[in-house]
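Here's a solo chain for you in structure tokens, the form predicted on its own.
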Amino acid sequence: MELAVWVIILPLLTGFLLGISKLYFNKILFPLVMSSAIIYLYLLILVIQNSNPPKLYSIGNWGLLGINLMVDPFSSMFLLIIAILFISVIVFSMKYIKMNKHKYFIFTYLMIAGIAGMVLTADLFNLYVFLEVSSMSSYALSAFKKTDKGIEGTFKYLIMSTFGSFFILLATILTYYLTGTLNIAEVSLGFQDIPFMIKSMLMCLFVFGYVIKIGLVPMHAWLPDAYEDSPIPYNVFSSGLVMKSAIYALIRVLYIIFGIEFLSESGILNIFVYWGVITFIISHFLAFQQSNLIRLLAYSSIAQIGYIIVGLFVGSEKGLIGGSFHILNHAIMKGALFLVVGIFYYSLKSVKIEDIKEMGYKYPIISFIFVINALAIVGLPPFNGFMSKWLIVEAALESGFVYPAFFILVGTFLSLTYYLKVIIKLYTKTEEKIITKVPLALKIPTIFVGSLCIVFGIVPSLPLSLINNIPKFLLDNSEYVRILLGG
């Protein structure tokens, strides 16, 4: 069986085996989880290495149930994010999660399987199926602590996400009705004969559905509530992968099925660029008002999604490169910040900004990781966030979006204000406090993920060697269609 298939099967199989081990072999949790995570990391690296030129894998020939998997630079970048975050969060979670470990890891592996399926599948039906697999697992993890706040936040998440799923499913059904197929390449060809107004209606359904999943303003209110009392390691996955996989699906549908010419003609590119600007400006103001560090990071995530949307929808090669690079960078930076906050919570049992006073002296290395990743996410040199933001600004200016480029600089200043507020608290002296010794299993993954913001900032050519190939398969959808149809 092809390697790419195992990227989906292995986490599904691991989740099943964890369920069996809970009943009969309770003590093999650690070796099963860790061995599976290590094998999965090796598997992801192999698939990423073999993704140039893009590979097509066909599984079965069962009409709607047949699965075509496509590994191209865009999907490979998401596999790289999974590789970086998955092994780190699994190691972190082994020590961090105290109760119901089997359930936690079962849902985590199922969520990863759904995300991997989304970024590899090449047909709309399975894109929707894998989206729902990752979403349902995400709901369970969001409510995992079973607190009142956690359940309330998850309920809001569930309601909003269900609306998004409804519009996506409706658009998928109508697409099949109009074209007689759900294969992305065949749909793209079939759409050439569909009237402009009908295509515009379908595009609106897809856009509205995925935007709810992504959390753009004003469909963002559920996200901070869902983050506030959920397991912090899950927040790493949610911010770095769950939200981003919805962006992946939106970009794949719009650029491959509808095409750049239609997107430009319909005006959706301009709408998304200014929608992104509104999103990050409002989110920065909301983040500044927070006293809870988790909610601050949640609003910051929404803001960074705004920057990504601007980059991806200016409609140029540099914009796609900058937006894609920022997807990777944000996953790393926000992942590291959440892991640091997880360590603070492990020690203090609090995520209030006021309560982290003097932690910079108690945990100097971990606090330093927070500082450099906070500065990176603001967009200061020489960190990775600066590189991707700068590419987005250049792309916006080159495409004539002068005001959005200006507001990106304004947004950078706004984000600096609230991250400086947190950094100052970290190094504010207070009365002697009792803290818990932090295990290496929490420190090592945090330092690893956090240090990548320096590595990718100083040597951006490492990720850009993969990302630079992304526009070729998005701006010219005929290349993707040709490979998918076996041409």
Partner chain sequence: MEILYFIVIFLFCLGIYTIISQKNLIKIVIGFTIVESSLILLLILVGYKPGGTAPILDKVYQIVVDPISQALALTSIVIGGSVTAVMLMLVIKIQKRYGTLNIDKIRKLHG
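If you're wondering where the values come from, they're calculated on a predicted model, not measured in any experiment. Positions refer to the first chain, counted from 1.
Separately, the form predicted in complex with its partner chain exists; it is not shown, and the next lines address it.
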Check whether residue 299 has any heavy atom within 4.5 Å of a heavy atom of its partner chain in the predicted bound form, and answer yes or no.
-> yes
Report whether the minimum heavy atom distance between residue 225 and its partner chain in the predicted bound form is within 4.5 Å.
-> yes
So in the predicted bound form, does residue 95 come within 4.5 Å of its partner chain, heavy atom to heavy atom?
-> no
Is there any non-hydrogen atom of residue 265 lying within 4.5 Å of its partner chain in the predicted bound form?
-> no
Can you check 413 to 421, 122 to 130, 72 to 80, 353 to 361 and let me know which stretch has heavy atoms within 4.5 Å of its partner chain in the predicted bound form?
-> 122 to 130
Mind checking whether each of 158, 167 and 177 has a heavy atom within 4.5 Å of its partner chain in the predicted bound form?
-> yes
Which of these residues, 372, 182, 90, 294, gets a heavy atom within 4.5 Å of its partner chain in the predicted bound form?
-> 182
What is the one choice in 365, 136, 271, 397 with a heavy atom within 4.5 Å of its partner chain in the predicted bound form?
-> 136
Quick one: which residues from 140 to 165 get a non-hydrogen atom within 4.5 Å of its partner chain in the predicted bound form?
-> 143, 146, 147, 148, 149, 151, 152, 153, 154, 155, 158, 159, 162, 163
